[in-house]
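What follows is a single chain, given as structure tokens, in the form predicted alone.
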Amino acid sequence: MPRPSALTELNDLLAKRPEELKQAKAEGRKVVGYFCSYIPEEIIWALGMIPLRLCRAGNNQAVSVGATYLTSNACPFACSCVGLKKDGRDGYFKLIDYVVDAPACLQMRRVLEVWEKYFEVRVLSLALPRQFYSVRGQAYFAQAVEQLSRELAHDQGINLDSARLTQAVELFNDIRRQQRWLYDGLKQASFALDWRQVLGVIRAGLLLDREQYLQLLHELVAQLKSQAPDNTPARKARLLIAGAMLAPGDDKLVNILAEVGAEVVMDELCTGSRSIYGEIKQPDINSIAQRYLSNIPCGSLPYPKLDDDPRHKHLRRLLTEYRIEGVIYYTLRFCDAYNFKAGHMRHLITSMGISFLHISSDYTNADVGQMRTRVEAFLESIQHRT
């Protein structure tokens, strides 16, 4: 099936984006970087700033540089975030004016400290309650979001305009609606895009001008609705990828799955589908804070009752709706929170009669052959079960 023209235009815009950001900075706009999906982009955008998620990875040289500031036993993504900033050649990391973040992960909190101390980057922290599920935690987070909005408004020398905030809420709600439509399409074998293409669209939205991005999302959805379905019969195991950070550039596992012809139809990742859920019901600080804190939680946050864990509930729903036959649980080495929960995830998934594979890796190529062998064996085991 021909590649939708909106996808081509998205890729063209991504190639031009660093130069666009340079021009925007020259015109006086601030570029606000963030690492974690708990940051309310609506507030940044409503204040005339440019939100930019800094989640690039896969460069092992950057990991080695970052480890000199952290430790060789630190998460590769955390080390990469330090190394890319130190190197200074990455267009996005270089162009930010300052960082706003609410790290669920303690290692990423250390990254913020290093950026502030050694690279003299201004960091605004959004306090994230560990008891995110409690009434007190929600009230605490709403106050933290209010404080952040005041700090950002003070930096801009303006007040947060209610009309502009309404615009922002409508914009980002619509973006998430269109993204959900794309992911919903993956439930059908005849959908014109594959998971890897949908993931690329989601990742593009972390970097592009959000109004341009939404326009292209509408064009892409319209093009897909107008195309005849692909009725080519295929019988492959339907897979879901869950786990820790799978950032743009960390494509080792994704490439292996493509090479062996695996059929990934869904993910449960903060750089993928986890960011698309939840509507902001009212254009005010409390509603914005509620959406971000009550969305699918990061695995780095503790939840006391496994049977009632909202992340587990969400995963069960995905496994059923997408008719998943196998789950690949991907973690980075030294990512303690997600590696610790691998046993719980295995029990949850296998109890539903679904195959489970845990892969823990880093950004080197040393284990590519081993990973491919394990993935191929995993696919064969699913075929023998069906």
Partner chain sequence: MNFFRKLKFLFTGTQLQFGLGILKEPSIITDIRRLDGRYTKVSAWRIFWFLTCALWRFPGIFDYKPDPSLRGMSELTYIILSLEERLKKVRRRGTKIVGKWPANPTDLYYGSGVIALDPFFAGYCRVLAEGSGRLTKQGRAQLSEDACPAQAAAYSIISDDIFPLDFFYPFIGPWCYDSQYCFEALRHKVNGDFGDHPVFNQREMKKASFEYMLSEVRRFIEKMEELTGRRVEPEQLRQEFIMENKLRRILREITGLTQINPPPINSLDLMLCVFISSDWLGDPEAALQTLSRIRDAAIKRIDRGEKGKNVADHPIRLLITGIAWGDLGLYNMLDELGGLIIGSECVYNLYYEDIDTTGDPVETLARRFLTTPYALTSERRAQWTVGNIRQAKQVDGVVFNCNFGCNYQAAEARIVTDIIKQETGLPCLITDVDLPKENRGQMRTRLEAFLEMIRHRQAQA
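Residue numbers count along the first chain shown, from 1. These numbers were taken from a predicted model, which means no experiment stands behind them.
Keep in mind that the form predicted in complex with its partner chain is missing from the display, and what follows is about it.
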Next on the checklist: Can you pick out, from 301, 280, 206, 189, the residue that has a heavy atom within 4.5 Å of its partner chain in the model of the complex?
Outcome noted: 301
Item to check | The unique member of 222, 127, 260, 153 whose heavy atoms fall within 4.5 Å of its partner chain in the model of the complex | outcome: 127
Next on the checklist: Quick check on residue 137: any heavy atom within 4.5 Å of its partner chain in the model of the complex?
Outcome noted: yes
Checklist entry - Might residue 218 be said to contact its partner chain in the model of the complex, defining contact as any heavy atom within 4.5 Å? => result no
Next on the checklist: Would you classify residue 321 as touching its partner chain in the model of the complex, given a 4.5 Å non-hydrogen atom cut-off?
Outcome noted: no
Next on the checklist: I'd like to know whether residue 309 contacts its partner chain in the model of the complex, with contact meaning heavy atoms within 4.5 angstroms.
Outcome noted: yes
Checklist entry - Okay, which stretch from 71 to 79, 195 to 203, 181 to 189, 280 to 288 lines its partner chain in the model of the complex, with non-hydrogen atoms inside 4.5 Å? => result 71 to 79
Item to check | 53, 94 and 164 all contacting its partner chain in the model of the complex, non-hydrogen atom within 4.5 Å | outcome: no
Item to check | Partner contacts for 330 to 354, taking its partner chain in the model of the complex and a 4.5 Å heavy atom cut-off | outcome: 333, 334, 336, 337, 339, 340, 341, 344
